[in-house]
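Below you'll find only one chain, the form predicted on its own, shown as structure tokens.
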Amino acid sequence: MRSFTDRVSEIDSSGIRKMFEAAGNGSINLGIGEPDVPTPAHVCDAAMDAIREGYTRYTAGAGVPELRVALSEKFLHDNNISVSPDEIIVTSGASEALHISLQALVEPGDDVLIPDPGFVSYMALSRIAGGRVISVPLVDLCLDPDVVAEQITRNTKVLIVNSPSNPCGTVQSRKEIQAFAELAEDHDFTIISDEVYEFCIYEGEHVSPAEFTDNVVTVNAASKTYAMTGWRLGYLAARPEYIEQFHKVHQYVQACANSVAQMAVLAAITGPQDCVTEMRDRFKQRRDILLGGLREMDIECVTPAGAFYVFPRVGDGDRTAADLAERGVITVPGSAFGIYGAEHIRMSYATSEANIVRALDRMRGGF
């Protein structure tokens, strides 16, 4: 019998992907985290121009210079972070950015603190890197600095922070983000800050840990902000000592990010931003419809301040997700996001208002 590594064999397939692929004909999919709006026209035009102009070859490994300059300006304008173009690597989605960061930072046996519930990739990628995953239970669906502090050991290498959060939709406060940065300084570990939902905030503000410490890798992508999930274009920013090591992994994993997608994202970042505001406003309206319907059914649910997910408490998340699937509503059981999510399900409102209303009709009486 063929033998495979434990670090891969022991990882289960993504619970999100399982539910997505199990969706039957006529099902309403509230399981997938993907904006339902098209990529903005001017971004698509830039991609077509790039193809016509023959921009289809390898680029510089870290990304085309023009894009990294634009990202440097974006970090200063939007995140209050001073990052030079040489401190940025353009990656194949945020997924690659997370992967190469963990590969370079984590030795076998090192502790990686992840929010629980938290995005499915964090645990899997940490284990692939050989890390020992420490699940940090959330308080009111947010990371609490005091709880994080209790989990820190001499082997702690990384803390992953995700605000706004997938799956919870919560937004960490400035005070909390600063506290995480102080812990990273005091205990000499690195924060990996996943900020892919930074522009999708309805209440509160987005704060980057890099405002307060250099012990941080800031990960982002165009996927959610510009409805570009399939373009697979992300990026990370960190101080030079990080970039030097990350680039070693990047060059062998990927060589460079997609050339056409890089030019499309350059147009997205430097072009009009009305599309971002319009999409956020649309998501907020959908959030309110879904929340209102759930509360009419007396379902306990924290109001999400960002992203496009609700994470209601339903008792047995696995059973509820299965029951709803039989009714033609696809959700994701909270257990897919960690042991502390088992009483929840995740529902995405990145779909039409009509679909949300129809899904609520199918749910009534099913909890």
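In this text, residue numbers run from 1 along the sequence as written. Worth saying up front: this structure is predicted, and the values here are computed from it rather than measured.
Just so you know, the form predicted in complex with a small molecule exists too; it's not on screen, but the next bit is about it.
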- Task: Counting only non-hydrogen atoms, choose the one of 105-113, 245-253, 77-85, 218-226 that falls within 4.5 Å of the small molecule in the model of the complex.
- Result: 218-226
- Query: Pick from Q151, T213, Q285, S95: which residue has any heavy atom within 4.5 angstroms of the small molecule in the model of the complex?
  - Reply: S95
- Among P312, G338, P40, G33, which has any heavy atom within 4.5 Å of the small molecule in the model of the complex? G33
- Wondering, does N162 line up within 4.5 Å of the small molecule in the model of the complex on heavy atoms? yes
- Item | the small molecule contact in the model of the complex: V136, any heavy atom under 4.5 Å | no
- Message: Contact with the small molecule in the model of the complex for A124, defined as at least one heavy atom pair within 4.5 Å: yes or no?
- Response: no
- Task: Would you please decide whether Y197 lies within 4.5 angstroms of the small molecule in the model of the complex, comparing each non-hydrogen atom pair?
- Result: yes
- Using a 4.5 Å heavy atom cut-off, are F119, N166 and R232 all in contact with the small molecule in the model of the complex? yes
